[in-house]
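Read the single chain below, which is given as structure tokens and is the form predicted alone.
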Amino acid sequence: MEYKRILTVQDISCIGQCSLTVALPILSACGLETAVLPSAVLSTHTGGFKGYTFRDLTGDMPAIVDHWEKEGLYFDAVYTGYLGSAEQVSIVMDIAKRLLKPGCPLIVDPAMADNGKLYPGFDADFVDSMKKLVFSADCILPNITEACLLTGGEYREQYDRRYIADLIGALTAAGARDIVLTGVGYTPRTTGVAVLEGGKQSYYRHKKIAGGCHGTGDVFASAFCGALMRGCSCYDASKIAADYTVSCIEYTNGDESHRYGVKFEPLLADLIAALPE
């Protein structure tokens, strides 16, 4: 197996099993040297915790990038998660130009919205900045809300296959290449992933678990990136990531004391076993 180095850019929630505390162990378990560029440090994530601390690291990021370039440190992939500002989006675009090896992928999870609305702290200007990053990327992982914001499409909670096909078509028309559209469900008890890869559309359906958990999007995205960098197609990487995420939710369900994330660590061996040699 070729040894590859991936850079992931997102925040650190010190407790909460999301963002970098998910991405680093999952990507490392997939056999990748994982470099990190923290965008912020929080004592916990913002879902369900009160009085959390927050430190913005935007001002530190350019000097880190300059140092890497000076040392000749380059990456086989760059994967972004939650970015806190338009300035951080611009920094990531600069990284892709300066430090991403030729022909290697920029993978963007435009983590900014869900359930028909933006996350707190984001606005239309941030969406416009994110469009520049998304439509310069090699592979994107939006949910339906994010896809609508990126294309100006109408968000619907009830939809059919034509709606999803049109949404993917709008992303493609705007410049997207490979697309992994998450949270696509056509029946009440199932959800899944709609994939466009090399112009071909496919769909992977899996069970839908009521209630949901914090950080599962980061678990999915990190497992997807790990599988993709191990040589899987976008569809196969999506399947592996979806199955792993569902297993993590099922493993965590029933533990009322573990309300802030999923217990993904005990199941890392299952993820490793699902990857190609």
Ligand code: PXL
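We number the residues from 1 along the sequence you see. Only the largest set of C-alpha atoms that superpose within 1.5 Å between the two forms is called the rigid core. The structure displayed is predicted, hence computed values, not measured ones.
Unshown form predicted together with the ligand; subsequent notes refer to it.
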Work out which of the listed stretches, 62-70, 24-32, 39-47, 230-238, brings a heavy atom within 4.5 angstroms of the ligand in the predicted bound form. 39-47
As a check of understanding, the residue in Tyr186, Tyr119, Phe135, Tyr204 with any heavy atom within 4.5 Å of the ligand in the predicted bound form should be identified as Tyr119
Would Cys18 sit within 4.5 Å of the ligand in the predicted bound form, counting heavy atoms only? yes
With the cut-off set at 4.5 Å between non-hydrogen atoms, does Tyr82 touch the ligand in the predicted bound form? yes
Rigid core superposed: Gly48 CA moves 2 Å or more between the shown form and the other one: yes
